[in-house]
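What follows is one chain in structure tokens, specifically the form predicted alone.
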Amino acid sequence: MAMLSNIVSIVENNWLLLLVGQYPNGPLGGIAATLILSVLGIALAFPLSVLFALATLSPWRVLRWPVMGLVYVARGVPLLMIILWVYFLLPILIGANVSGFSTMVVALVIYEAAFLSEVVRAGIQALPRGQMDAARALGHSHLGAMRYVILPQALFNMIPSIISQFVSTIKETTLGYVINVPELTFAAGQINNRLLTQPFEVYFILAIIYFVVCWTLTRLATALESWIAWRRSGAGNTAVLAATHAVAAES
């Protein structure tokens, strides 16, 4: 009971710090910063991942091999290493100081683009080969067939995987702690440094917050996957066709 009382007290006294960090008297942090980092990372990485996937599937080796090498390197090293590379190299390359938040966004975009490109590539390759052949027979170029026929179907099927990658991105933002990005883990560290005597309670609260957010998104991904499977089974098309016939009969 004492531990539960401590947890409740910590939440009551620090909920605003966990939610938005020191904002408006300081930088935005806490859960808000974590979600913003995750959304920016996925949103900016997604178009880049599509380009990477198209390059790795292209018939031109001069385009395919360099992109495959970049993807394999990004997937083969820890995210922490990419964060440190960006943290130290980006200011040198652009000749200006870069905030920890911007550094984290750039690192996440590079890392997530590499992983999402494999998701996109797998989604494209999962479609029947006849889709591409039919599009080429209708006069589309390779890129035209990808744009108008293959990608719309593949991206629709990949929605659950993209949400799952978003969940992973939320957990990966905890590494922003090492470069003083004021995300949720950083906020928990500030609370722990102030209290000193209740580290278990503080990080238990942190774990619960991450679990609730990630579990909710995972359930959403599962529901979307079931809906997409229903659509692909033809049940959705049957329902639409029945509704169309009903409207026609009434008119």
Partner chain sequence: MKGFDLLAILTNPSFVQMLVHGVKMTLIIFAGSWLLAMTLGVLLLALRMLPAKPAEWFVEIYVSYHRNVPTLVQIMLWYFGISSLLPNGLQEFLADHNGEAVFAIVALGLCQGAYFSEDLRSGLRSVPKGQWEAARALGHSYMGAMAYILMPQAVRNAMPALINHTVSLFKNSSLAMAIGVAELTHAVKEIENQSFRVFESYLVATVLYLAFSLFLMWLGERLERRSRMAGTV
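Residue numbers count along the first chain shown, from 1. Because the structure is predicted, anything quoted here is derived from the model rather than measured.
One more form of this protein, predicted in complex with the partner chain, exists but is not displayed; see below.
Novice: Do Ala207 and the partner chain share at least one heavy atom pair within 4.5 Å in the predicted complex?
Specialist: So Ala207 counts as contacting the partner chain.
Novice: Would you please decide whether Thr174 lies within 4.5 angstroms of the partner chain in the predicted complex, comparing each non-hydrogen atom pair?
Specialist: Yes, Thr174 is a contact residue.
Novice: Given that the partner chain is not shown alongside this chain, does Pro199 nevertheless sit within 4.5 Å of it in the predicted complex, heavy atom to heavy atom?
Specialist: Yes, Pro199 lies within 4.5 Å of the partner chain in the predicted complex.
Novice: So, in the predicted complex, is Thr218 in contact with the partner chain at a 4.5 angstroms heavy atom limit?
Specialist: It does: once the partner chain is placed as it appears in the predicted complex, Thr218 has a heavy atom within 4.5 Å of it.
Novice: The partner chain in the predicted complex: within 4.5 Å of a heavy atom of each of Pro47, Val120 and Trp227?
Specialist: Not one of the three qualifies.
Novice: Could you spot which one of Cys214, Ala55, Leu35, Ile191 gets a heavy atom to within 4.5 Å of the partner chain in the predicted complex?
Specialist: If I apply the 4.5 Å criterion carefully, the residue I get is Cys214.
Novice: If the cut-off is 4.5 angstroms on heavy atoms, which of these, Ile163, Leu84, Val109, Leu90, is the one near the partner chain in the predicted complex?
Specialist: Selected option: Leu84.
Novice: Hey, which residues along 67 to 81 are within 4.5 angstroms of the partner chain in the predicted complex, non-hydrogen atoms only?
Specialist: Tyr72, Val73, Ala74, Arg75, Gly76, Val77, Pro78, Leu80, Met81 sit within 4.5 Å of the partner.
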